[in-house]
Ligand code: PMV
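Below, in structure tokens: the form predicted alone, a single chain.
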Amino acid sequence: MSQVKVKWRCPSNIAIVKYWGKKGIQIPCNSSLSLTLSNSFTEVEVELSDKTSSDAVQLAYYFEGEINEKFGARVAKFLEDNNEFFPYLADNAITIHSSNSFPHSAGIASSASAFGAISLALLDISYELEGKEKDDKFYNTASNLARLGSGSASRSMFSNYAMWGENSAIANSSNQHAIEVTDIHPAFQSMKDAILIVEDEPKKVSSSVGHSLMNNHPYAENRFKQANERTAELIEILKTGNMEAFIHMCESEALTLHAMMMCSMEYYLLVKPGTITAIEKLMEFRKESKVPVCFTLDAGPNVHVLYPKAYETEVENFINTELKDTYKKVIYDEGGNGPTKIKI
């Protein structure tokens, strides 16, 4: 066969309204809405070659130049489970070289950016081999594929703000793929995200296990209802530019996510002392300075500090001085334009 090789870059994202709990095959129990990042991304180069084994999927997966058997096994299962999208894998071996722009275990959703980039590259190859032009459906299909590998990856296909999950209040919303949120007030069009790495060790409880604990959670149904209502509210907030409402929702959602972990039947705690100290100092700074800055959390101890670009000098000075004892390092990021294909 003639050589087929493609390379894609896909960013991570940070959810404002959180997705927590899933059913069936990667179907969310509630809708969610996130900010797509810019500087935190995964790049993958995917190459096809002639098969030399009878395995259903012959995959070599490299991360940062070295074979990664653990994640490679997860990707191989993803390919096997969804082989109808990739008929060319019946006759071709596949080699994937992957790298991240951010440190491993940095509190950034690496599986989201990884499965986003992998799905884009694999789908791109399908289009190329079939002689198809990329249309509007390409990113919806890639979002659906990415969802099957990592739920939050579905939202990384789109620039700035994206939502995922069926919601009766939002037209075109879907459990199968994310959609872009396009009606954004100027107040929210240039948001920065300073990621405070409070702890850089792998989490003691994986997100997959955390999601599963929602199955018998005593407050699950009320939480799913709340998240769906908040997704619809947030879309209105982003449209009207109500910064005070955004800050309240952003922080309440972060604390609600961790509250659900703490009151699961198999309860657990992921925040650390540095997390709490950073949050308390940030809230006091906002109260005193009137600077519109807020926090959110992922399913871990690290703190995402969100603020408009217009206030970056004040906020970053605060982070570098008043918060310096709460974190190991800071990754400065911002809202981004979604994935890109890289010429090779």
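The structure presented is a predicted model; accordingly, all values stated were derived computationally and were not measured. From 1 onward, residues are counted along the sequence shown.
Keep in mind that the form predicted in complex with this ligand is not shown, yet the notes after this line are about it.
For the options 264, 242, 144, 207, the residue carrying a heavy atom within 4.5 angstroms of this ligand in the predicted complex is 207. Listed stretches are 190-198, 116-124, 172-180, 151-159; the contact stretch with this ligand in the predicted complex is 151-159, by a heavy atom cutoff of 4.5 Å. Taking non-hydrogen atoms only, residue 43 never approaches this ligand to within 4.5 angstroms in the predicted complex. With a 4.5 Å cutoff on heavy atoms, residue 75 does not count as touching this ligand in the predicted complex; it lies far away. Using a 4.5 angstroms limit between non-hydrogen atoms, residue 257 touches this ligand in the predicted complex. This ligand in the predicted complex is approached by residue 298, whose closest heavy atom lies within 4.5 angstroms of it.
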